[in-house]
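The chain below stands alone and is given as structure tokens, in the form predicted on its own.
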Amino acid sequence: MFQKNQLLTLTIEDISDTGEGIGHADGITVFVKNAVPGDTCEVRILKAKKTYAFGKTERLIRPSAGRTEPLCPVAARCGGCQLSFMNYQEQLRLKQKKVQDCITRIGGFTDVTVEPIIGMDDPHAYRNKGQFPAGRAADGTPVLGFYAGRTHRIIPTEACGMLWPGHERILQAVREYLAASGAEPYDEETGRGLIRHVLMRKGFATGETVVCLVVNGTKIPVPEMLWEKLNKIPGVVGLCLNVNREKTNVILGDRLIPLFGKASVTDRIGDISFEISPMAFYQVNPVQTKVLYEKALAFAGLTGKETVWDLYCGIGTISLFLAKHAKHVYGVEIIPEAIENAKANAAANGIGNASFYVGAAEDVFPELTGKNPDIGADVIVVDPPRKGCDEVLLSTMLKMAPSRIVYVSCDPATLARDLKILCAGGYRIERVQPVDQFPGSVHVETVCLLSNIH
């Protein structure tokens, strides 16, 4: 077992799921932040257990060929872009390997080859959404930024290289407002204070931006002061509040209070437009979202005669993308507000062959087919959260027995776990396509096509 502050020389062999470099010494695994596979470095131990330890790089002895200097001045301290010290081609190679390893090791599929990952031409300034916690510096100055890795200590941030140019003006306006209005940043330890987070969302296709303050209350002092500043920034169309009075790490509460202008932005994927509120789930990378959904559409193999079920439909993004090529799409989502958005988005786009239902698929599907046995399911599309599909939903999908399942995943490990269950139930993996939706981070999206072998 190592001791705190002990120095040792390590060669970094791999990257963890949370972005630390992984090295080994004396049978102990050492996780090192901002270290890249191929680096040889002198590491100082920060925390030691019997079988693993955490350390930081004191001196880079020999850099990896895959190492690069990040553009962001706070990259070494910020917990946001875990792979910012790795050049983009190396990031893509790593994510490709991650998907293949999960499919083979967790899923047990030794005969499935993952297709080459689809990356971006420019992996910067791609995010349409930013969330900045508010706090105070040691001198009492209001700060906005990102949390340092594995902490809730705010690293003050003037701008983020992954967000669109111009967002820094919003941050500056909010900082000036906090200093002038006396609105108190929230303190996580005491549960006191008002301003918790600044959330901003942009529709890249329209240029519209809405700013939302997440607050420990229902109002802010002199809101006109903030709106006057924001209203001068090109593209800003609205200011609203999200109420979160819980002592929790969850960022958003469940109540939205419009203050000025619009409470949502309009964006487009292909020729379909969407109204997106600050609370709605919407992919953060519009360039790669189009790539992702076009791949899902291609995998679905629609001819216009199919009945499609979208079992985590959200605000209807994938549902409406598929509806123009299907006989009918049924979208199912547990969140009522999302279904209302989905119905409104269908109406706004003149799409009449998409129906949306609140509930769990295991309840909605038998209820509808009980009333109309002819509905059936030719294709199922599923895009679950990071935890993947639960067992009841997987069982329901197998009972629905579609010809094809298109599984869109943001976590290769839970994808592989679920694929193992689906294939044991009578499906075969046809294609596995990774898409780099989150450059700079360890996360990767994957689209998988399964066919019914019965």
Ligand code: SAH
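Keep in mind it's a predicted model, so treat the numbers as computed, not measured. The term rigid core refers to the most C-alpha atoms you can superpose between the two forms while keeping them within 1.5 Å. The first residue of the shown sequence is 1; numbering continues from there.
Note that the form predicted together with the ligand isn't included here; everything after this is about it.
The stretch from 107 to 115, 183 to 191, 220 to 228, 360 to 368 that comes within 4.5 Å of the ligand in the predicted complex, counting heavy atoms only, is 360 to 368. In the predicted complex, none of the heavy atoms of residue 257 sits within 4.5 Å of a heavy atom of the ligand.
Taking the partner from the other structure, the ligand in the predicted complex has no heavy atom within 4.5 Å of any heavy atom of residue 341. Mapping the unseen interface onto this chain, residue 317 counts among the residues with a heavy atom inside 4.5 Å of the ligand in the predicted complex. Taking non-hydrogen atoms only, residue 313 approaches the ligand to within 4.5 angstroms in the predicted complex. Between the ligand and the residues 243, 334, 159, 125, the one pair within 4.5 Å by heavy atoms in the predicted complex involves 334. Only one of 267, 90, 383, 306 comes within 4.5 Å of the ligand in the predicted complex through a heavy atom, and that residue is 383.
Relative to the superposed core, residue 336 undergoes a C-alpha shift of no less than 2 Å between this form and the one not shown.
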